[in-house]
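Before any questions on how it binds or moves, here is one chain, the form predicted on its own, in structure tokens.
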């Protein structure tokens, strides 16, 4: 009986710590609005430049719309990754996180979830608006949102591994891109494939299931890799 009570108390304590981590990260993000605005503005500007550069032919823009949305979303997520661990590394909070008595796996999940809420969720909400600007077929709108909901967390988790490895470097932008871009390719292929299949009227549930599998794999393994990478970077 006492064992069950202690276990329940421990679980409640972990949930409260994760909730406190999410609240802290959200508060810090909104105190630095650039962390929220910069990736979103990059996404908007990059997508709106395509009609200006390639013309306004509706058929052509509709054909490239899934790739444009997904590539710019991927780059926007990559742009936002520098804010994931950099400030905590500079002010010493990262060392406190690593020494926390709570399981580091769950603390990292809470931190990455907060980052996704700030950097990726606005992009997902705005994606259908920009897709309609590119004359994307209405059949592709819901699959686009679903693919981004499954794909952007994977991008964030994989980007967290690269950021953890390079957090101690003063100029890590190019190295970070080299490390994580190859890992992003399957997500990009499956994400655009889901939307393209929906537009063409073919079944896309298989590709969506592959994205879901990547999401499950990333949630299971990425925090472990991030933890090991942070310990290497700090030491």
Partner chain sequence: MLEVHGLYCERDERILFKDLSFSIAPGKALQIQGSNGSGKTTLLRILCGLNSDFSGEILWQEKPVKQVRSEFCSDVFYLGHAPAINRTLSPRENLRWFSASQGKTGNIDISTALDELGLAGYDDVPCFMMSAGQQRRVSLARMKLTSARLWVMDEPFTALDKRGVSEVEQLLSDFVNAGGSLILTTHHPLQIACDIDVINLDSRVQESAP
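Residue numbers count along the first chain shown, from 1. Predicted model only: the values in this text are computed from it and were never measured.
The protein also exists as the form predicted in complex with the partner chain; that form is not presented, and the subsequent description refers to it.
Only one of 133 to 141, 71 to 79, 96 to 104, 120 to 128 places residue heavy atoms within 4.5 angstroms of the partner chain in the predicted complex, namely 96 to 104. Note on the partner interface in the predicted complex: the residue among 38, 62, 48, 32 having a heavy atom within 4.5 angstroms of the partner chain is 32. With a 4.5 Å cutoff on heavy atoms, residue 17 counts as touching the partner chain in the predicted complex. Residue 28 belongs to the set of residues with a heavy atom inside 4.5 Å of the partner chain in the predicted complex.
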